[in-house]
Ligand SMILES: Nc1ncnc2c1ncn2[C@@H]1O[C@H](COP(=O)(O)OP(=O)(O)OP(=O)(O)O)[C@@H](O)[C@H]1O
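A single chain, nothing else alongside it, follows as structure tokens in the form predicted on its own.
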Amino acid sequence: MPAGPGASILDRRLVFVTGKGGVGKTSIAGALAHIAARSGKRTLVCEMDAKGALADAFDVGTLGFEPRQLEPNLFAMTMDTEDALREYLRLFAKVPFIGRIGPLARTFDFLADAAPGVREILVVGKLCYEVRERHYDIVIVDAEATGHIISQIGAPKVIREMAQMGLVREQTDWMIEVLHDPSITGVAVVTTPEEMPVTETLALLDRLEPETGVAPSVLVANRVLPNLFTTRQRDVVERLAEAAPLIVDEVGRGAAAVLDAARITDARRGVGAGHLDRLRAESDLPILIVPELFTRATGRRVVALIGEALAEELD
């Protein structure tokens, strides 16, 4: 792959990884973090929805707001709004807190429900703060799915438009400087070669930069089936399928099932290739290909395998 936004995604200091639910964005985020850490970068990977998927991806039980070291150079955390509020008050309002913040947190929940963007700006602000202070060489975010990422990373822009002056305006200004600089912040959009994920990806690309000011950087096509046969081999498979009754007599009843599986898998690959062609036709972003792994492995082993595939694409 030629040098460009895709090849340099890990040269950025803040990378959001998003995609339709079920396409494997957590595994991709974990794999990117794994690659970055292995290359010597001090890396933080953060799960935004705190569902535990990131902990499962690394086989570590549970993660919390306090970053936990998983391997050399690699730290992981999950976002917590109350902890983010406590840290914000300590750092910027110089208010010391010990333990839970109780009534203040309940007041914040009320305000967050009433004012769009308040909750999101806290969690995005935490990530931007880590980048600004250079606590890590790179922060990789297992972000919200495509349906919610706009409101998440667009919150500073929305809040700044509402607040024309004062402390809130000052806070959003420096966040926007981080988010809107494409040399600092990137967005990797994960999809699979299927109709709905590709449709959602293209819809997100149309909205992302105009509505948030944050530019998409690269697409990651996950679980891509390999090309099983050449054209000549495909013709042979079709002829064998026609002769299946004779083959069953000679080889056994399993032969027909094997041929059917090969034909179905090849047909799926062809349909998937068509969806990827649509993605290429409607977007000029580079596409990183992660093949279907065909493995029963889970957790850290899957992250490592995906990391190997991505590392080859990024070279």
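All values reported here derive from a predicted model rather than from experimental measurement. Note that residue numbering begins at 1 and tracks the sequence as displayed.
The same protein also exists as the form predicted in complex with the ligand; that form is not shown, yet it is the one meant from here on.
- Out of the listed residues Arg68, Arg268, Arg38, Arg278, Arg268 is the one that sits within 4.5 Å of the ligand in the predicted bound form by at least one heavy atom.
- Put simply, of Arg160, Arg223, Lys126, Arg119 only one has a heavy atom within 4.5 Å of the ligand in the predicted bound form, and it is Arg223.
- Stretch-level contact check against the ligand in the predicted bound form with heavy atoms at 4.5 Å: of 60 to 68, 38 to 46, 25 to 33, 279 to 287, the positive one is 25 to 33.
- In the predicted bound form, the ligand sits within 4.5 Å of a heavy atom of Glu292.
- Within 4.5 Å of some heavy atom of the ligand in the predicted bound form lies at least one heavy atom of Lys20.
- When the ligand is considered in the predicted bound form, Lys51 lines it closely, a heavy atom lying within 4.5 Å.
- Using a 4.5 Å cutoff between non-hydrogen atoms, Ile306 counts as a contact of the ligand in the predicted bound form.
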